[in-house]
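Single chain ahead, written as C-alpha cells, the form predicted on its own.
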Amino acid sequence: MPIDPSLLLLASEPHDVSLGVTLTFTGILVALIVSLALEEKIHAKKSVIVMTFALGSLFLGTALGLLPFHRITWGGHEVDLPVFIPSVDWNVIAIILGASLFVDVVSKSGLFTWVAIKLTKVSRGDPVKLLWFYGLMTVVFSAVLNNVTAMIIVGSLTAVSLSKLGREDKLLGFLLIEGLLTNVGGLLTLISSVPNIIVGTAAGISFVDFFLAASPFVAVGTVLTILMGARLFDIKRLASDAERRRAKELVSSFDENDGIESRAFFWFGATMTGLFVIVIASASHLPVIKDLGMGYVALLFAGIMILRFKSVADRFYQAIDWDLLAFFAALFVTINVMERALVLDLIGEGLHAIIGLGDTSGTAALLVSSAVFSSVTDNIPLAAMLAKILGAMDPAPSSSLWWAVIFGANLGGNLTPIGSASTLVAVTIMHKHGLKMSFGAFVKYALPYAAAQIALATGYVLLFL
C-alpha cells in the first residue's frame, strides 16, 4: 500500500518562512555549489562536502521550525522514520547501486575488453578508422555502462593501441574527443547518466520515449564531434601500402581473449547485458516489474550476476562507489531543506522569468544556462534542483523544458574539465601519459566542440522536442 501523500515529510503544505531565512539558506546553497566547484582545492570528497552542508541544514532547519516532525502512515500503521529518510529518492539510489554493481561484475567476464580489441583489429590500425571505432565505442559504452567506466576502458585501450602503432602524437586528440563523446553518449538512454535518471524520473519519461527522443541528436552529435576532431587534430588515414601493412601486422598481435578466464561466464555476461537493457527498456510495461520500478531491475540483475562470485562477493561491495551514493543521499536531504526554506521557490521565480521569454527564447535560455552552470560545478545538484522546480510547475513529460535541462546538464560537462567526472578522467589519463593539459588548455581545446554541440542541441530541442 502506498504511503499516504498527505503525511509525507516531503509534503509541501503551506508554512510561513521569512525572506531573511530564505536568503540565509540561499547563501548556504551558493556556498555548497562553490565548495563542490573547488573540490580539489579544499581536498575533500564530494560526499563529505555535501554531508557537512546536509547536517548543518538539518540542524538550522529544525532550529527555525522548517521541518515537519510527525509520523507517516504506511499499510495502515504509523511508521517512525528520521526526518531525513523520506527526503532521499531511493529509486535513484537503487538504480545507481544496482547498475554499477552489475557492470562491475560483467566487466570481470572480459566482455568489454573483448569488444574493444575486436574493433581495434577491424580497423587494421588506420588512425581515422580507429578514431571512428573508438568514438562510437565510447558513445555505446557511455550509454550502456556509464561515462566514467566508458572513459576508463576506452581511454586505457587507446593509450596502449596508439603506443603499439607508434602513433603517440595523436593520443591527446583521441583522449579529448573520447572524453567529450562520453557526455554525448550519456544522453542516449534514461540510465546513461545521473542527470537523466533524476530529470527523466521527475518528468515521467519512459526508457523507450527517452531513447527515441535523444537518439537522433546523439547520432548527429557523435558524427559532428568525430569529424571536427579528425580535422582539428589532423588525424588522417594511412597514406601508403607499406604503412597499412605495418599497422595491420602490429594490430594482429592484440589478443582479445586475454581477459577471458571462463568462456561460459563470458557468454553469460553478454546474455545478461542484453537482457538487462531489454528489461530496463520495457520496465514500465511489464507486470509486477512496473510497480517495483527500474531500481528493482538494476538490483535484480546485480544480484543474479553476483551469484557467480558468491564466495567473494565482498570484493565487489568494496568496489562500489559509496562516496557517490553518500553524495546523492546527502544531496537529496539538502535540497529538501532548501525546499522547506522556500529557496527553490525563489529560484523558481527566476526560472519563470526565463521561461516567460517565450517558448523559443525561454527554452533556449534554460538549456544554455544549464550548460554554463554545469560546466563550473557538478551537474547532479543542478539537475536535482531544476527537476524539483520544474516538477512544481508540472509541465507535461513531453515538454521541451525537461529536455532543455537534460541536454544542458549533460553537454555543459564538455566546457571545462571539472564539469563532468568523465572529462576529469580523460585529463587524468592524459597526465598519466605525460601529456600536459591545464584547465585553460582544456577549455581552449574543448570550446569549439562544446559550442557546436550546445548549438546543435538547442536547435534540436526547439525544432523536434
Partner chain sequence: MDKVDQFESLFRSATKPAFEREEVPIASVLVAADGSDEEAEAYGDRVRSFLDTLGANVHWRDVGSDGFPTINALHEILEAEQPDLICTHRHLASASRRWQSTLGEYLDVLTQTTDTPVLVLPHPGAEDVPDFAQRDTSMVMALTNHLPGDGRLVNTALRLTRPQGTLALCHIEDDLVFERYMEVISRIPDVDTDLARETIHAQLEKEPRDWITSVKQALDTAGVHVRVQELVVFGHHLKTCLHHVKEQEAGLVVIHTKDEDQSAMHGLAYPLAIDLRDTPLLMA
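All values reported here derive from a predicted model rather than from experimental measurement. Residue numbers count along the first chain shown, from 1.
In what follows, reference is made to the form predicted in complex with the partner chain, a form of this protein that is not presented.
J.: From the list 352, 236, 290, 315, which entry has a heavy atom within 4.5 Å of the partner chain in the predicted bound form?
T.: Checking each option against the partner chain in the predicted bound form, the one that comes within 4.5 Å is 315.
J.: Would you mind picking the one in 129, 164, 308, 244 that has a heavy atom within 4.5 Å of the partner chain in the predicted bound form?
T.: Partner contact (heavy atom, 4.5 Å) among the options: 164.
J.: Is residue 254 close enough to touch the partner chain in the predicted bound form, meaning at least one heavy atom pair within 4.5 Å?
T.: Judged by the heavy-atom cut-off of 4.5 Å, residue 254 is in contact with the partner chain in the predicted bound form.
J.: So in the predicted bound form, does any heavy atom of residue 431 sit within 4.5 Å of the partner chain?
T.: Flag for residue 431 set to no.
J.: Since only the chain is shown here, I'm wondering whether residue 425 would be in contact with the partner chain in the predicted bound form (any heavy atom pair within 4.5 Å).
T.: Yes, residue 425 lies within 4.5 Å of the partner chain in the predicted bound form.
J.: Heavy atoms within 4.5 Å of the partner chain in the predicted bound form: does residue 304 have any?
T.: So residue 304 does not count as contacting the partner chain.
J.: Residues in which of 323-331, 366-374, 181-189, 116-124 have heavy atoms within 4.5 Å of the partner chain in the predicted bound form?
T.: The contacting stretch is 116-124.
J.: Is it true that 107, 157 and 319 each have at least one non-hydrogen atom within 4.5 Å of the partner chain in the predicted bound form?
T.: Yes, the whole candidate spot contacts the partner chain.
J.: Given a 4.5 Å distance limit between heavy atoms, list every residue of 280-298 close to the partner chain in the predicted bound form, or none if there are none.
T.: Not one residue comes within 4.5 Å of the partner.
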